[in-house]
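Heads up, what comes next is one protein chain in two forms, each shown on its own as structure tokens, labelled structure 1 and structure 2.
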Structure 1
């Protein structure tokens, strides 16, 4: 069954003088979806969002909402609401009047307006603050009011531009969960913008990874993390070991890659477009690398025989504690002396400095990226 598309970006592009902020983005967004634009600052996330909201006219391409082009629609004619990064609450109006503003503009009856505003305020747990002015609220409270002011209009789509950017870490984490719950409860389509990869992974149904005005990858959080399609994505999301490689041969579903004289293996199934002789990068997440003090090859049982885990001896150069685990910085004892980062349980960590360990990972965790 074909899924109904709510918002469609068709090759939209925008330039500001010399700066090409958005270089042609195409994207389908589905009803009830929580989709996040993720990318470093300046990559064009806000500009893309503003083109959906109607605050910027695309230089080319088109934006469709419910199948209709909104090219000629002003922001006040679009059934879309925005939570601005700076909240943009009206300083001369009470919390109640702020939230009621959109309904007043739509000439909603006083009685209905009152119930809807109160409902929206209680959804964000701000019902007791209705008479306050924005300046009498903390950052987190202002943020909630900004959300209430947008959702009270029951828009087809809610746009959120780094709404949690100004909050401290703890409050941010709490609000991430609350916003996600709110979105599920309202079954509203959320288009969210953030440069925080963790935030994107926690909240989204789908993540659009952007770089320099272009889309690098659109996938679920797990897929974006586990199967990055470009070097940029692998590098930007989480931490990874990236090794420059050339494709040697493909055999038994395995890709044999040459990094200097070292031969590494990757799953051929996951490597798209990896023809023999092609250059690319191998990405291995630190937490997927197992660390052994003695060579695991000798311990291998028959049952494991089919798998072809890579095993490389390395010396531990540094151990960094990162909370629940320790991060090992190791240098392989191969001619190339590759620096690899691996995670190890805390207890083992500190004793390992200067020692030789064996690093091991399975081919399914080694992702070959061609670009």
Structure 2
């Protein structure tokens, strides 16, 4: 059964002078979905959000809500509300009055207004702060009030433009969880903008990875991370090793890739655009590389019934403490002396500088991409 579509972007594009901020995006967004536009500064993610909200008019294409064009409708005429990074609270109004402002403009009767404001403040755990002014609140508390002010109007869609960007790391992580729980409880469609990869992976049902005004990949957080479809996505999402390779041959479900004189293997099934003679990049996440202090016996991958793991000797050049694991900067003992980053338990990695280790990964953990 085909999913109901709430919002459609139909080849929307936007230019500011000589800069083409958005180069033509088409996207379907579904009811109750938490979808995130992710990318570096200047990639077009906020401009796309603003076209959905009505703060920018597309130069080309259309924005549909429930199948009807809203291109000519003002922001207040669309069933959406926006939460900005700057909070945008009225400094002279109490928390209660800030949240109630939109309802007062709609001339909602007092009894209903009070009930809805109290419910909204309770949802964001701010019911005990109703009489305070914004200047008496922390950044996280002000952001909660901004969210309450947006949801009190019961919009079908909530647009959030880097709402946690001004918060410190610990509070930002806490608010990520709270916003996700709130979205699930309200069953409201959230369209979120961030440049923070971890934030997008933690919160989203789907992630729209953008670069230079275009969409690079739309997928679940798991698939965006594990199965990048372009070099940009592999490099931007998390950390990875990228090795320039040429496809030598395909055999028994494996790609044999040449990196100079070194031959590496990858799963043919997971490869994007692979063909014999094609140049591209092999992406291997550091956490997928196992580190051994002695050479492991030739291992077989049980995942596909017996394809051999890659095993390469390397010298450890640096060990960096990153918490529960250590980041090992290694250089392979192959003709090309490839620099590879691996994550290893700290106990195994703390005293390895200058020593030889053996790096190992299975073909299913190595993704070949051509773009």
Partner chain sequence: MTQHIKLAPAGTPQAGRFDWGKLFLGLPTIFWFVCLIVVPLVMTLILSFASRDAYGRIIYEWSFQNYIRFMDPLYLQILWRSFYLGLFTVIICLLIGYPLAYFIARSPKNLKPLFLMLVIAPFWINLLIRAYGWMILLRYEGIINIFLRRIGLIEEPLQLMYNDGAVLVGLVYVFLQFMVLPLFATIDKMDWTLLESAQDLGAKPFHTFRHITLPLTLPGIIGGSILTFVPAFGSFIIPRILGGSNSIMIGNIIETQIKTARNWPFASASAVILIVTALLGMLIYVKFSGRSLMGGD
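Residue numbers count along the first chain shown, from 1. Note that this is a predicted model, so its numbers are computed, not measured. The term rigid core refers to the most C-alpha atoms you can superpose between the two forms while keeping them within 1.5 Å.
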ask   = Which of these two, 1 or 2, is the form predicted alone?
value = 2
ask   = Would the C-alpha of residue 91 be classed as shifted by 2 Å or more between the two structures after rigid-core alignment?
value = yes
